[in-house]
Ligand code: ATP
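What follows is a single chain, given as structure tokens, in the form predicted on its own.
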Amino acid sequence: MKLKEVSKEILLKLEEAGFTLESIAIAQAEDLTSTLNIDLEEAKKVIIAAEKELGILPISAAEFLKLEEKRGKITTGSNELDSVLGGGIWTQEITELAGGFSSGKTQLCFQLCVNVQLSYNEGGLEGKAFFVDTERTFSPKRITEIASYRNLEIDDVLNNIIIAPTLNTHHLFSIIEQLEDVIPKERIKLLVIDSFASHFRSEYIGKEKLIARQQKIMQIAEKLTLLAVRYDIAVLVTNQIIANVEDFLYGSSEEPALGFAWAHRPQQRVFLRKSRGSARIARLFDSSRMPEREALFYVTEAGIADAATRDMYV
């Protein structure tokens, strides 16, 4: 545990008492004074330091705007899609890509794993990607194709992507817990989970398991949000779709899986669908920042492209 302006002696006491950053931030100063044997003012400083570390101190809207303008964005490779998203995939939040088979979800994930490594001027964050693979979909060959078309050093690109296959929801949660140490050590700037719904849909079957499933989803979602804010990283998750007898979106009878417990967690939700040939349509249907809009992009051999640039890769 690291807290600025807090002595090593107090940090050691906090760790010995079993405190986490979250539990410190919501603690009462009086409780810390008795537990740690420190005075009230020192206890208040410790709580404020934890709040700063978690990025949860109250600030004005003007200050919030300045902080938001400094947040990083990763280009998707498509100017149209970037425009719909407000500049690309943002740090400090969860972006969800929902869609059916061959809608472009995983291809976008691959592209972003490459793009996050680019310079800031090129639309990247000069960082690494951590890819949580729940369905064994990761393809080094596809990454190599995308990198080679852009004349990038293939070995460097591959070495800057960490792959973590998961077996079940327990394993998924364990991997996410370990990211507290991995993210700062490896300079991770993009966390991908492809697909977030996979384990939940196979393990929690039946109405009697619904509550347990929703609780686990909320627990993991809280952790993902915390990681995104604390380490200023972009979190990108893919989601499967399910049939719905009632129209959900724009005449569609399909909706993202995992229900309302999950629906409120991502800050940006994008619905992908296949069009003709290599064309894909992305609709931003839930965002606090941007209006509902659609973008047309293409999945080419070289990765994600716009209509104006796809012919370059044919």
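Note that residue numbering follows the sequence shown and begins at 1. On a predicted model such as this, the values are computed, not experimentally measured, just so you know.
Omitted from view is the form predicted in complex with the named molecule, to which the following refers.
Partner proximity in the predicted complex, defined as non-hydrogen atoms within 4.5 angstroms of the named molecule, places exactly one of 137-145, 183-191, 76-84, 203-211 at the interface: 137-145. Contact with the named molecule in the predicted complex, judged by any heavy atom within 4.5 Å, is made by just one of S198, N160, T166, S103: S103. This chain lacks the partner; the member of L14, A25, A295, V299 within 4.5 angstroms of the named molecule in the predicted complex by a non-hydrogen atom is V299. When the named molecule is considered in the predicted complex, T95 lies well away from it, no heavy atom lying within 4.5 Å. Not displayed here, the named molecule is kept clear of T91 by more than 4.5 Å at the level of heavy atoms in the predicted complex.
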